[in-house]
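The chain below stands alone and is given as structure tokens, in the form predicted alone.
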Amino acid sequence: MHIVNVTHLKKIFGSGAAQVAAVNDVSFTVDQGEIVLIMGPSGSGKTTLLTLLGGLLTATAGTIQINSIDLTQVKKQALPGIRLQEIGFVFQSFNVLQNLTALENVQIVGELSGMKPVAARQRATHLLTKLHLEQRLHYLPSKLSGGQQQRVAIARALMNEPKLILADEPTGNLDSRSGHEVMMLFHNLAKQDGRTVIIVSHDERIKDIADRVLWIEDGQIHTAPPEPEVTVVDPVCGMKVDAKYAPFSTTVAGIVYKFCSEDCQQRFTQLDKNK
């Protein structure tokens, strides 16, 4: 069963000589319980594509069907309700509310969708417990690790039982261990709960859990990314990364080091300062 059906999708910014096709005639489907990873170099259109899928941007042309709802035909005022019920969002920066506890961050989403406070609190507690945060329910985000904050964000995304989860660089701010834990959470959401998961990321590790990789470049989708011309090793976590498209790099004493994530880059910089 297709949860996502994209047909001849286009998103054009600007006009005349300054016109840019950020997404250019893209078509693909994603089935229930499938994990699809969208990769590509910076500026390739992958984040624009994810934003279109979430109904946060208006397409220039084409159709986007999410669980049989055509987002391109829905009135603008109806989109927030559709996003609330049909789509769960997970972002690199977590986007949790700093003045609310972990429990309140999740509970508020249920209340916004019309759940009574008691029911919303019970479901939020259940989700956070399922994600092994039962000892952190009443902690503010400032008292949580990055991995714990990302789990709060995932619980929040699941609050209204959406069919589709959209994740934008969900492991980008996490260390290797936390990143792996979050990856396995997405794997379980798809394979055990039947959620459809679409992830935009530079993180090569996510290939291990993805059913398919779609490579986007110059706004167009290819069924598989090109083979890396040169592979280098992240000096912090030891993971192999594509030397050309590695998202983070640092130059020390004339030597360029490549990293799989911002966290690895920051840890390397701190170690260098402490030498």
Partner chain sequence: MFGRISLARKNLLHEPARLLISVSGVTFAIFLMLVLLALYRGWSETLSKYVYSVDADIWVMQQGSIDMSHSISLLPNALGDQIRSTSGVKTVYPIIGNRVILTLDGEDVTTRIIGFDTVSNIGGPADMIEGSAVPAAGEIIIDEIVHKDHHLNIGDPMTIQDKTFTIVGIASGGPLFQQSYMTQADARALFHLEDITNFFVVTIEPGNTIDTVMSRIEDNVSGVDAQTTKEFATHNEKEIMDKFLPIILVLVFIGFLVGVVIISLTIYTATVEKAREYGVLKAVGAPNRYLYRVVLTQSGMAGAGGFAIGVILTYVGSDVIKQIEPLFVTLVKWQDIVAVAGMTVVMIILAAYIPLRRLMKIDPAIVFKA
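Numbering follows the first chain given and starts at 1. Just so we're clear, the structure is a prediction, and the values are computed from it rather than from any experiment.
Another form, the form predicted in complex with its partner chain, is not on view; read the next lines as being about it.
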(message) Counting only non-hydrogen atoms and a 4.5 Å threshold, tell me whether Q122, I165 and S178 all contact its partner chain in the predicted bound form.
(response) no
(message) Test of understanding: in the predicted bound form, would Q192 fall inside 4.5 Å of its partner chain by heavy atoms?
(response) no
(request) Please check if R156 has a heavy atom lying within 4.5 Å of any heavy atom of its partner chain in the predicted bound form. (result) yes
(message) Is it the case that T171, even though its partner is missing from this view, gets within 4.5 Å of its partner chain in the predicted bound form, heavy atoms only?
(response) no
(message) Is E161 near its partner chain? Define near as a heavy atom within 4.5 Å, in the predicted bound form.
(response) no
(message) Looking at 183-191, 126-134, 144-152, 82-90, which stretch has residues with any non-hydrogen atom within 4.5 Å of its partner chain in the predicted bound form?
(response) 82-90
(request) Check each residue of 126-142 against its partner chain in the predicted bound form and list those with a heavy atom within 4.5 Å, in sequence order. (result) L140
